[in-house]
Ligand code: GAL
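Single chain ahead, by itself, as structure tokens, in the form predicted alone.
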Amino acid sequence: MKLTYFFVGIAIMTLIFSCETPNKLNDEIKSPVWEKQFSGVWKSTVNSPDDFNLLSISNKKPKGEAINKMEDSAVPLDLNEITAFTKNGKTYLRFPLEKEEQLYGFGLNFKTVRQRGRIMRLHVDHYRGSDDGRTHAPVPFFVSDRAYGVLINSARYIDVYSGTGVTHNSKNPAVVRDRNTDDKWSARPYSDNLEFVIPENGVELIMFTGKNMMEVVQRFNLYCGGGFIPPKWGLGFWQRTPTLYSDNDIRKEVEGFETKNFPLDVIGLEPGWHSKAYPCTFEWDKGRYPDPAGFAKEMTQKGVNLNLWANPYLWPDSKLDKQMKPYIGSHTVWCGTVPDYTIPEARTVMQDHLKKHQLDIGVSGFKIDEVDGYDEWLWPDAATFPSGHDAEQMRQTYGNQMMRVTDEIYRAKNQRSYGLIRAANAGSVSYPYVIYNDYYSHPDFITALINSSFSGLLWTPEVRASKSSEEWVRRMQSVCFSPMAMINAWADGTKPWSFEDVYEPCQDVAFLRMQLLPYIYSTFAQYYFEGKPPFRAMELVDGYLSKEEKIEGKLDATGNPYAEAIKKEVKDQYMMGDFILVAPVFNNQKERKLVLPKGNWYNFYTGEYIGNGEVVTIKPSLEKIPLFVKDGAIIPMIPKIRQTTEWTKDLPIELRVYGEKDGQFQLYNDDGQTYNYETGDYTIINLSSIQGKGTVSKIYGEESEKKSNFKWTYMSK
């Protein structure tokens, strides 16, 4: 009898425990409380997040005044349906998804634009060919086409289940189907939620809203410090030279660009400028560069800026290594010490060195390599750092740390810089850097350029090599319509004229970029003042309705037993600013489809009407990249110049007007070199075309261009 009572007691206790455990967990699941920060911006703190996060390391303040100038907007979802709880050192978040809702963002992806239905671990790494969250800039920020977005402000590896998890208590449950008899059965049943797992005891969340996705992205960019305006020379043409080039080799390179009459504003020096590299000394090699200061001055006189390659790991027993000993991590990279730049003293050591040996002699910027991955050569997650921040946090923020180190010294000198970086994260939007990598798929490069616009990033589809003349010119055309027009010839010494039979169209598109500098520069001013990405996805354009093509998955009993019908994304066209639609062409592509937003669109080169809110097929020539212009657009252009030093106030400006609609364009200008624009030293001129009559009027500042310099050209007749 006693034994019977014992088992009955165990059964009762088991029942009680099984009932209490879910209730206890349910008590922990709560809806975050949101506090309004600015117009259309809310913040919530879930439990006890780490003070070290993506925004704190970047040390940039929100541009609250610019955000508050935007019309306020409500939250388009029920906040009570957002839930969060912390358990066993992890924080779990859930956001509701509507049936047709689509998601964008999550950083720099190379193959996908739409992110619903994907599982990712957001982890800074060298891109390995799959959009699984391991990428150079895995920004934990998403944008919904319901016109809201959320930043998960954590410097951790974050797991994302983007419309994949199916809960048993779903408000919109998936339809249960019998695979044996129902051909609508799916291996991926409908999911109505977006979920995150953050390995911390809490997390800070920032929500952004707007009347459309563009406004959401604008608020995100402005909250992270706002965009930036590059120096004018940064928007010219860049040539990176082979690893072991000397000063005399560089002189010949510059002379070649002069002789060939090809634009050139920046020369990039690769690892050979260091006395030792991989890891680095940050000291000039005396054999290849016996007089660095004299060489830099000579280049400046030729209108050429110097950009220096570096990785941040220090050569053993170099001057920097000895000074940095108190501030290094437990592990090395390529036998080089890894400084902890979250420590102010470590930043000061590096900044003093860079200022004395590079910046003060005339170096214009840096290319910062290997701050992303692979796991095989970066520090492991077992590494420790003297600041107390762990290896995971350092991995997620090291790119931002290096950008901060260099940004601060250029700002202290009131000299704008522009450079390249291999890793970034949320908070980097105001740093003057463009992301690049070693991956080399031309179509995927364009997809990455599109994706960058959702996450406060800039990306360059740099040119390195090609298998044919056609591929070469197509790559050159794409890079000239990106944030940085650059050939990276560090490995093979390629030049713009490496394929002589297509040199002329390469030269033409480079000069076209130079002619469009007033337009591009004004577009970057929007980035700074309004948070608008200068190069942006079509989904951020009013009137754009993405056209998709269904592709049926082929059932394979062993290789693909759960085949799905998938939809082809539109990921090969984008906007440069408000008015120019860019449609790159790839190797062996004889024709391509173009999805036009609502409104009339015109051929950039001829002014010919193309279409309105429809899909058209074009057959582009090899000589020109397809460009299309929105109705009412005013496109300012200057004459062909080879270097930005020729871009002066006296240059005539052609104002090309497209279509019949009345239009306006705000033409921005400043000194092109300093940060004085941040304190109001700039000009904005309003260009208006109303009923076929063009007018020029000042909005702000002293007029930098004479009204007589403007010539109106009506392209569409």
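Counting begins at 1, following the sequence as shown. Being a predicted model, the structure only gives us computed values, none of them experimental.
This protein has a second form, the form predicted in complex with the named molecule, left out of what is shown; the following refers to that one.
- Figure note: of the listed segments 624-632, 249-257, 601-609, 433-441, the one touching the named molecule in the predicted bound form, with heavy atoms no more than 4.5 Å away, is 433-441.
- Taking the partner from elsewhere, residue 597 is found to have every heavy atom lying beyond 4.5 Å of the named molecule in the predicted bound form.
- Using a 4.5 angstroms limit between non-hydrogen atoms, residue 94 is distant from the named molecule in the predicted bound form.
- Using a 4.5 angstroms limit between non-hydrogen atoms, residue 154 is distant from the named molecule in the predicted bound form.
- Though the partner is left out of this view, residue 329 does not reach within 4.5 Å of the named molecule in the predicted bound form, counting heavy atoms only.
- Between the named molecule and the residues 278, 379, 529, 579, the one pair within 4.5 Å by heavy atoms in the predicted bound form involves 278.
- Interface residue among 369, 131, 407, 215, judged by heavy atoms within 4.5 Å of the named molecule in the predicted bound form: 369.
- Contact residues in stretch 475-512 (any heavy atom within 4.5 Å of the named molecule, taken in the predicted bound form) are 488, 490.
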